[in-house]
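Before any questions on binding or motion, here is one chain by itself as structure tokens, the form predicted on its own.
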């Protein structure tokens, strides 16, 4: 949990206040000029679609720094990639792509195990599947969109995570947002972590169930909420809840924190609530054999009722899955719109996941999977430790490849991003509405494909930028050479 210092909170609020005041003044003069000089393309009798208070943040804050977001790339998202340079002729309102690219160190992609680039085992098999099945099935799973690859991957995922069965979806976001309404509806209760992903939030809202929130990663507060809601029952009628589902994430994508899964499961068992675990950022990335937070924290997968994950992070592909009992999976195959009406996963994408999991499990006949898992763990812990020593405020836990560096002030968001890019280090900065207004941050994602030299270069650049813009909020340890005491993992 972030504890924002008072001085930092005041200066951040003051900065946003200035932006708000000047933005309102600009809007006032814009409206005044609009009365005098009516735009030619304005349709009479129609309300403006993209103008008003709901659009204020985009127009007056986001557009000023939009060059820090959505940067196009021109290569595979490996440890180094090509970033397309952009320019603006209208004060950043629109951005134009140039023909130039910059070779940058990639600290922003979810390429945790390095499978997003060409791989000696995965790539030839993906190419072969493209020749055999084409790029798309052009059909849903219940019509002509199920190949033997889809069936193989569902069986492989179920075996990998330790559940009876699994079902695939073509998009990770939809896996949550379309599936949750199938599991629970009116008369049910969803208790969600306060920092759960937007896909979970939208899925819970769309379900029609009553939604309650507990303090982030706090099992004691979860128990309080459960006890209170069970005692009160449904709104107005006070009837018992039809079912209760507690939804948490394995690694929280904006915090880098591991879920306190053993304690949460103990609470759910006590009050007979189902557990829904989103492992989008943890499956494949943590655990001795890459099986996620259950393996890392010593939790029996049988104690988790529904396990969700995506293939977009550790496996270098796209799509998502749900793993659960055969009864639940069979029910979802008959009722989930994302399975019944959406085009199935592209066969080459399916083959990429199959090959990646086989490498992780060592079924490719090599030890590369174990080496990748050891390297991502070592890289993550080394990088996090060095950032702490430099005085940065870094969120998250050891073993997590996600490392948010707190920036807070809105002026420091573009300053950090642009200065890092100028020194050929590409980072992702995150601000409202993805985070609370005062808690802007840079989110670092570490990969097994990063070498020790890559990480040292990144640390040197980030340290210089941190000194330049003043985001080292803690005293730094006496400087040491970063190679000291750390031998590169072969």
Partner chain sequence: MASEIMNATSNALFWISSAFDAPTRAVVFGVPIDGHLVVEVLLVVVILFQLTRKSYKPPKKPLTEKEIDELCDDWVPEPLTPQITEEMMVEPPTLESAAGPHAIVDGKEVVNFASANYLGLIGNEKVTDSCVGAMEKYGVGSCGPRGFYGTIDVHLDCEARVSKFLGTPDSILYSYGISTIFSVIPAFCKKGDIIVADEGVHWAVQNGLYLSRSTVVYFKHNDMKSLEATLEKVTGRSKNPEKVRRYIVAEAIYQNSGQIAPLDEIVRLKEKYRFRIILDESHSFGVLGNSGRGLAEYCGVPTEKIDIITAGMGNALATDGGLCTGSVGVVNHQRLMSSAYLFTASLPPYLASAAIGALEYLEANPSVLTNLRANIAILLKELSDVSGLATVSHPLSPIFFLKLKKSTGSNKTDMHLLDSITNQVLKEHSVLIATTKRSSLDKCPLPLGLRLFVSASHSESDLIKAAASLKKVAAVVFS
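Residue numbers count along the first chain shown, from 1. Source: prediction; values computed, not measured.
There is another form of this protein, the form predicted in complex with its partner chain, and it is not shown here; the text below is about that form.
Asker: So which of 316, 309, 404, 284 gets a non-hydrogen atom within 4.5 Å of its partner chain in the model of the complex?
Answerer: Comparing distances to its partner chain in the model of the complex, the residue within 4.5 Å is 316.
Asker: If you check 158, 415, 395, 171 against its partner chain in the model of the complex, which one has a heavy atom within 4.5 Å?
Answerer: Selected option: 171.
Asker: Does its partner chain get within 4.5 angstroms of any non-hydrogen atom of residue 148 in the model of the complex?
Answerer: It does: once its partner chain is placed as it appears in the model of the complex, residue 148 has a heavy atom within 4.5 Å of it.
Asker: Would residue 463 sit within 4.5 Å of its partner chain in the model of the complex, counting heavy atoms only?
Answerer: No, residue 463 sits far enough from its partner chain in the model of the complex that none of its heavy atoms falls within 4.5 Å.
Asker: Please determine whether residue 241 contacts its partner chain in the model of the complex, using a 4.5 Å cut-off between heavy atoms.
Answerer: Residue 241: contacts its partner chain in the model of the complex.
Asker: Although its partner chain is absent from this view, report whether residue 139 comes within 4.5 Å of it in the model of the complex, heavy atoms only.
Answerer: Answer yes; at least one heavy atom of residue 139 falls within 4.5 Å of its partner chain in the model of the complex.
Asker: Among 258 to 266, 364 to 372, 294 to 302, 222 to 230, which stretch sits within 4.5 Å of its partner chain in the model of the complex, heavy atoms only?
Answerer: Contact criterion met by 222 to 230 only.
Asker: Do all of 70, 135 and 349 end up near its partner chain in the model of the complex, with near meaning a heavy atom within 4.5 Å?
Answerer: Yes.
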